[in-house]
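Just one chain follows, in the form predicted alone, and it is written as C-alpha cells.
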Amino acid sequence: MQGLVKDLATLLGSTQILSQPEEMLAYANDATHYFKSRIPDAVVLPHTTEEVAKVMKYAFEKEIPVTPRGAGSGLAGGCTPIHGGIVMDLKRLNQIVEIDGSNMTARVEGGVVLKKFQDTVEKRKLFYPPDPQSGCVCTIGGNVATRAGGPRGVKYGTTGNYVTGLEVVLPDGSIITPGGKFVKQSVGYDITHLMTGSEGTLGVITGVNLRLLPLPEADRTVIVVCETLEQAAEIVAEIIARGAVPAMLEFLIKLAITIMNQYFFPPLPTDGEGYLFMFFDGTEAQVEYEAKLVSEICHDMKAKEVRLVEDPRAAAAYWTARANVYPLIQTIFERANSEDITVPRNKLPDLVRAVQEIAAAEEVMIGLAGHAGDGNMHPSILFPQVTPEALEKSEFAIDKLIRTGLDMGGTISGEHGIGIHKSKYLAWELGDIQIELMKRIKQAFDPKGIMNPGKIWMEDGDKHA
C-alpha cells in the first residue's frame, strides 16, 4: 500500500492523497452503512479532469480498482469500495463553469453541490428542477451517475432528462466529451445517456452540460389529511387520472408526520393515517387553478382535511421537514433500510395495500413514504433493534416487496440506482439476455474491470449483507 500512496503522491502531490486508516474509514460506505465493504487502500482528491486522467491511466496500467465518489449520500451502496483500491473523491472539481442564459444551458464540474448550483441559477431567474432529497450535499456528477430523481420528477422528470453532454475520463485515462450544449442530437450511439446512470462502472464523470428552464413565477402548497393510506393512494390516482400535474406530490404516513411536527409550526393534525404534500408551480393563474382543482378532487373523495398553506415560510418549513424524513427516522430506529420501488401510477393503491399485507405477514415494521405523483415509493424496513431474526424477516419482506412491484409492471429502482443494494434483483427485472449485454458494454469500456467493480450485477460468489 505504501508504494501505491507514494506513486499517487508523485502524480498529484501529497496534499491530494489520504491514506491514514481513520481518514479512509469515512470512505468505506455511502449513506447505507450495513453492506460489507473494505477500507480503500488510498483516497485521491483531484482538482482537474487532467488529474483524474493521470490517476486512471496509472490504475489501468497497474489494474487497481477505482471507485468514483461524489458526496457519498447514495442509498444503494454505489460508491462502496468492496474491492479496496482507490477511491476517487471528486468534490474538489466544484466549479460552475458557465451559465448560458441565452441558450438556457449550464456547464459544471462533476463535484458541484446540487443546492449551490440551483441557488446560483435561480438568482438569474433560471431553474434546474431535479431535486434529490440530499440536495444540500449531493453532487451533480453523482446525480448523473445514478440518474437521481426527487419529488419534482412527477412534473419535470429526473436528472437524465436534463443532461445534454458530459466530460468523462475512461478507465485507460482517455477523455471524451459526448453531447454538448445543444438540446437535440442524432449522431451515432447515445454515449451521453449511456454514461448517465452507469454508476461509475464505465468511467469518471468530471463535467456535465445541463438544460435549464425559466424559473416559475408562483407556487402553492396544499396538504391533505386522509382517513387511511388506501384513501391517500386513491386520491393520488384520481388526481393523475383527472390531468392535474403538481410539481410535487408526496405520500407520507402518520409516523413521519409525528416526527416532522417537532420541526415546524403550525403542526399538522395526527388524526389521519395517510398524508399528501402537494406543490404547484407556474404562472399565478395556473397555480391558482390547479390548487383549486386538486382541492375539489380531495373534497369529493372525502379527505379529512385539505389545507392550503398561505404562508411561504410555513410551506418552506413543511418541505424542508419532508426532505429530512429519512435522517429523522434514523434517529429513532437502529436501522432503516429504504427501498425504491416504482409502479405505474394507477397501481399505487394496490402497492400501498400490498405493503401493509407484507408487513403483517412477515411481522416487520414498514414505514411508507414516496414521490407518489410518479409512482415512486420508498417502503422502509424499520429496525427498533437489529437482530439475526429481524434481519431474516426483513429479507423475506424485501423480496416480497420487490416481486410485488415487478408484478404490477414496475421497476426495482426509480431513482437510487442499483449499486450493491439491488444487484440481487437485477435479473428479476432485466433477465439474463439484457444483463449479458450490459456486461459486454462494460467489457468494451473497461476491459480490465477496474471501474467500480462489484456493482449493478452480482459477481460470481457475491452475497451482499
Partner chain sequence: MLRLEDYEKIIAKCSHCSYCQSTCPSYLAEQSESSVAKNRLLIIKEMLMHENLPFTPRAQEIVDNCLLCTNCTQTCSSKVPIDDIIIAARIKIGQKGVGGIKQFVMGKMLTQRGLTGALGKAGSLAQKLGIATKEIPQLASKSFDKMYSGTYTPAGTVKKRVAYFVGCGTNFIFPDTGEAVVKVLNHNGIEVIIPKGQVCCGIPALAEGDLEGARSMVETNIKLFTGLDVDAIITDCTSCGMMFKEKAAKCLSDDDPLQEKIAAVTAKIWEVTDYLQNQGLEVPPGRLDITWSYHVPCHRGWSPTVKDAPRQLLGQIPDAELREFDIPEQCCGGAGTYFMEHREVAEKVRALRLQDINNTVSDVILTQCPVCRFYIGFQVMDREVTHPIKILAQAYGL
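Positions refer to the first chain, counted from 1. If you're wondering where the values come from, they're calculated on a predicted model, not measured in any experiment.
This protein has a second form, the form predicted together with the partner chain, left out of what is shown; the following refers to that one.
Contact with the partner chain in the predicted complex, judged as any non-hydrogen atom within 4.5 angstroms, is confined among 158-166, 98-106, 260-268, 237-245 to 260-268. For the three marked residues, Thr342, Ser380 and Gly417, no heavy atom of any sits within 4.5 Å of the partner chain in the predicted complex. Residue Ser73 is the only one of Thr221, Ser338, Ser73, Gln231 with a heavy atom lying within 4.5 Å of the partner chain in the predicted complex. Contact with the partner chain in the predicted complex, judged by any heavy atom within 4.5 Å, is made by just one of Pro312, Pro327, Pro388, Gly188: Pro327.
When the partner chain is considered in the predicted complex, Thr331 lines it closely, a heavy atom lying within 4.5 Å. When the partner chain is considered in the predicted complex, Asp41 lies well away from it, no heavy atom lying within 4.5 Å. Of the heavy atoms in Thr192, none are within 4.5 Å of the partner chain in the predicted complex.
By the criterion of a heavy atom within 4.5 Å, Ala31 is counted among the residues contacting the partner chain in the predicted complex. Contacts of stretch 130-157 with the partner chain in the predicted complex, defined by any heavy atom lying within 4.5 Å, are made by Gln133, Ser134, Cys136, Val137, listed in sequence order.
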